[in-house]
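Take a look at this one chain, the form predicted alone, written out in structure tokens.
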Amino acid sequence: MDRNMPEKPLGVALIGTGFMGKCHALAWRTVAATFGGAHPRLEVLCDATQESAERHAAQFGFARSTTDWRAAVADPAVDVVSITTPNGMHRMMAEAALTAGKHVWLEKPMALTMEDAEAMADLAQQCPDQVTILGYNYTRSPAFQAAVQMVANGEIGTPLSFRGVYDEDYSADPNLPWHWRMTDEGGGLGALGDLGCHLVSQMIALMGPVAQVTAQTQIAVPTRHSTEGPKAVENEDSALALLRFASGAQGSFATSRVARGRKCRLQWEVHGSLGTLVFDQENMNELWVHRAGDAGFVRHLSGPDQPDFAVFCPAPGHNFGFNEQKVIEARDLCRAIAGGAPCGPDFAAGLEIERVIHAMARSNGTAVAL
């Protein structure tokens, strides 16, 4: 049992029931069984229609349902609000929750614009008793946590360069219909806001702050069909960038939502003065390590010797998964609420991620300092 977990149950409100809404619900139902502490009270679930809210509340195990997110946020039985709604709703919901005295678990990206993200971070700073965390669950995989520890411990020497890619193909088909994610007003940034921000969260954890970016973006499918006729795609399908870190190290970055055949290729390499680390989220239970003097790379399978693996499974080589990462994220949030170590990225750290991806979006081939 984790002694840093809350001893009193936390009341939870969940807003949104899509892919990430279900992930949050599963994490809330599993976190105490996995790490100990009091089981959260699943108080109220909010969705766009009453039928959907009632159905998902019953499925996920929430006591009540509503279509009024403001009522859910203000509910006196609620201590923490999980927000898994479309990006354009993030700021208003997060600010309402903080103003109501609630802790906030918000899915990435943080906001549509830098102005929104800065306002959210400012408000969070004014609410020191409330915990904020953003949904960068890929930073919770045991293999990634092990890699961060290896870099911090100097096992590959001084980090000299970073090469990272996050590609998927969910928008590769030009016949797919237009979607709100493809607009500035609904989705904000495109591939950068949906995928690239995950890569930036890992890049910063491994390499430290970014000092400068030079980037180009591209819209591969300029228009898509809709029930109202052809509509323009307003945000980028892909982005490429060169980076300079505050440490002086260099980096390259690529992300695409139109990369045929790629499903979740969050792949990176860290080249150090004494070795190299290689990771690919499509093979998330493997970390490849080369040390100076070795003939090549050694494959390290995820197992109980890596952070947070053993609490789920005592046997090495038994695969870790996407939803387990989300449970660890919920654990970190619960610990922070109980007065333990701060969890991250909080809104302040999330603002740094937003600065990087928004700098890439506006670079247009010129260097942008952060």
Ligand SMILES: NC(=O)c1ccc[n+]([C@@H]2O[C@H](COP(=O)([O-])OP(=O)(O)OC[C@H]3O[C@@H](n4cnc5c(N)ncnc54)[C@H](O)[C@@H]3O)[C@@H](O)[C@H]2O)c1
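Quick caveat, the model's predicted, so the values are computed rather than measured. The numbering used is simple: start at 1 and walk along the sequence shown.
One more form of this protein, predicted in complex with the named molecule, exists but is not displayed; see below.
Of the residues given (Ala58, Ala38, Ala341, Ala48), Ala48 alone sits with a heavy atom within 4.5 Å of the named molecule in the model of the complex. This chain is drawn without the named molecule; in the model of the complex, the residue among Met89, Val278, Leu123, Leu160 with a heavy atom within 4.5 Å of it is Met89.
Residues placing heavy atoms within 4.5 Å of the named molecule in the model of the complex fall in a single listed stretch, namely 191-199, out of 191-199, 228-236, 204-212, 252-260. Contact with the named molecule in the model of the complex holds for none of Ser171, Leu176 and Ile219, as no heavy atom of theirs lies within 4.5 Å. Shown alone here, Leu10 lies farther than 4.5 Å from the named molecule in the model of the complex, counting heavy atoms only. Using a 4.5 Å cutoff between non-hydrogen atoms, Asp79 does not count as a contact of the named molecule in the model of the complex. Within 4.5 Å of any heavy atom of the named molecule in the model of the complex lies no heavy atom of Gly164. The named molecule in the model of the complex comes within 4.5 Å of a heavy atom belonging to Gly135. Shown without its partner, the chain has Phe322, Lys326 in segment 309-345 as residues with a non-hydrogen atom within 4.5 angstroms of the named molecule in the model of the complex.
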